Ligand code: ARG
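Only one chain is given next, in structure tokens, and it is the form predicted on its own.
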């Protein structure tokens, strides 16, 4: 509080006093004006392999999205810090401005655009049906009936709700839905096609995909409203990395 010592015992004009108060308030309201910058918090729900998950050996968050975000941050000269949160808290946090950014296989939708900003798309996906390996009655999403699982608040859950014969059961973790499928508790799971294919690979002989991806969706990096300048930097980085073949390289690492 050095400035208070300076004025102690001195008669200060009203205008000078108001100026000092104004400068102090600016310093409080705009901490970014001080030297150094804090990291941007990037929320992710690390329960969605191979896009984002916690490595059980290293305890680090890794996956396709994590490598994409790191590449973008390096290209755009952004200092980032990942925060692992559940899906619902992630969406709520983005709407409330709790987090600066989020990357978590987030499909760009008009409804979500009401609460947050989005970068240009960096990945194309679609919903796919997963059933038990011995299931012969479900051949596509058109055949779904009975209890079908999906992660809560996802586009997979929204698609199940459109099917009259299907009863939606939601999960906080898509892995729990797949586990219930293998245990015979539900008849199918609907999730993004790369995630579906990864679970089939990991659980070979127990589950399988049926039909083709039946939606066209695009992932984007979400940003809290007011972060338009950061989104512009991210979009420039996305275009550059795509042109350089970096995304293809990351895809080969995680999705092939």
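Residue numbers count along the first chain shown, from 1. On a predicted model such as this, the values are computed, not experimentally measured, just so you know.
Absent from the display: the form predicted in complex with arginine. The rest refers to it.
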property	result
Full three-residue contact with arginine in the predicted bound form, heavy atom 4.5 Å, for 62, 121 and 251	no
Residue 112: touches arginine in the predicted bound form, heavy atom cutoff 4.5 angstroms	yes
Residue 97: touches arginine in the predicted bound form, heavy atom cutoff 4.5 angstroms	no
Residue 198, heavy atom within 4.5 angstroms of arginine in the predicted bound form	no
Arginine contact in the predicted bound form: residue 106, any heavy atom under 4.5 Å	yes
Answer range among 44-52, 223-231, 66-74, 206-214 for contact with arginine, defined in the predicted bound form as heavy atoms within 4.5 Å	44-52
Heavy atom contacts to arginine in the predicted bound form at 4.5 Å, residues of 160-177 in sequence order	none
